[in-house]
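Take a look at this single chain in structure tokens; it is the form predicted alone.
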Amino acid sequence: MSKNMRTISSLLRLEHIKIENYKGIDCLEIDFAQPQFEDSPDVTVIGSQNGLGKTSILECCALLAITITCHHNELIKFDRRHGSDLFKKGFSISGNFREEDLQFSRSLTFDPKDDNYFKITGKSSPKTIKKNNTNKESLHNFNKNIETILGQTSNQLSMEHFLFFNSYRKIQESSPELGMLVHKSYEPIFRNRMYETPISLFKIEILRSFMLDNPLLDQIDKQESHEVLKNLNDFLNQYAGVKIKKLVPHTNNTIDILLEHQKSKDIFSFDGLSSGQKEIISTFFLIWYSTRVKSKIILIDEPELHLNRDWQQTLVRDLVKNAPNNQYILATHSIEVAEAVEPYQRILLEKNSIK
């Protein structure tokens, strides 16, 4: 259905992770199996009973992936307001990445006795970091990103090398402000850290693409907007039988998205879709959108969230079809999702596997 807009570059994957003293995990090592054939999907499905650490494993994968663009012996001050009391005892996460034919290791340790600093060590791939050039955005937002990783926000975390969907994600039933469409970094002035702005990043991308395609905004990425909007409407049509019809401004400086049913021609708000429709459309679109140029590691906790059994059965197939060059690591309770991959792509956690 979807076509990449440019050639995918820099295939990156997480090959191995070791977790020590993170939440309920004392010590755990995982090897993420390579695809057996060149055209096989790179998917790992982690399953278990409740409380055995599936979510913790994904959180550790995300925390480790944040460090890819950091230097050896980088120190990042931890703001305890962002992590509550979860990191009282300290922890260590280490692992190996591969980018094309290059392998490199990363390690993230946190010792609350060491003045609350995260310490990052290990070699970096020359493709991901330049000498004496720190990813300032990554460091500046490190504490804020922890909020998303720990499920304190309903939005996904989209970084240069990975995309993380926590199990608390939700398409909020509210409309973006105009400033959010013009400036991607825009946030309301009176935003309180403890109460997230109830706007889904997915909606902002919808509105921006629609306005650029018409065109109603003057920005440099206008040439891509038509392709982006086309793919978005493909997802909307496949899973809801609708397309974007028009935008409606409100007196409070917000803009609503109106959809048109392909058959009945009824017009209704985007928020009129079911939670399952919004979930699968937003997830597929955001993965395609953020990896259309460069492949990433995709981490999804409970990909079956809000989905019926039929959509659970086709979830993995459709993920790979729409964005085939990514590495997918999924944590699930769904038998349908687990059975959609080969046995070597499944990791089943048991009580005796978490030391």
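Heads up: residue numbers just count along the shown sequence, starting at 1. Treat the numbers as computed from the prediction; the structure is a model and nothing was measured.
The same protein has a further form, the form predicted in complex with a small molecule, not shown here; the description that follows concerns it.
Engineer: Only one of 286 to 294, 46 to 54, 61 to 69, 315 to 323 has heavy atoms within 4.5 Å of the small molecule in the predicted complex; I'd like to know which.
Structural biologist: Flagged stretch: 46 to 54.
Engineer: Though the small molecule is not shown, can you say which of 13, 346, 23, 18 has a heavy atom within 4.5 Å of it in the predicted complex?
Structural biologist: The option sitting close enough to the partner is 23.
Engineer: Among 261, 144, 89, 226, which has at least one heavy atom within 4.5 Å of the small molecule in the predicted complex?
Structural biologist: Contact check passes for 89.
Engineer: Can you tell me if residue 302 lies within 4.5 angstroms of the small molecule in the predicted complex, counting non-hydrogen atoms only?
Structural biologist: Taking the distances in the predicted complex, the answer for residue 302 is yes, it comes within 4.5 Å of the small molecule.
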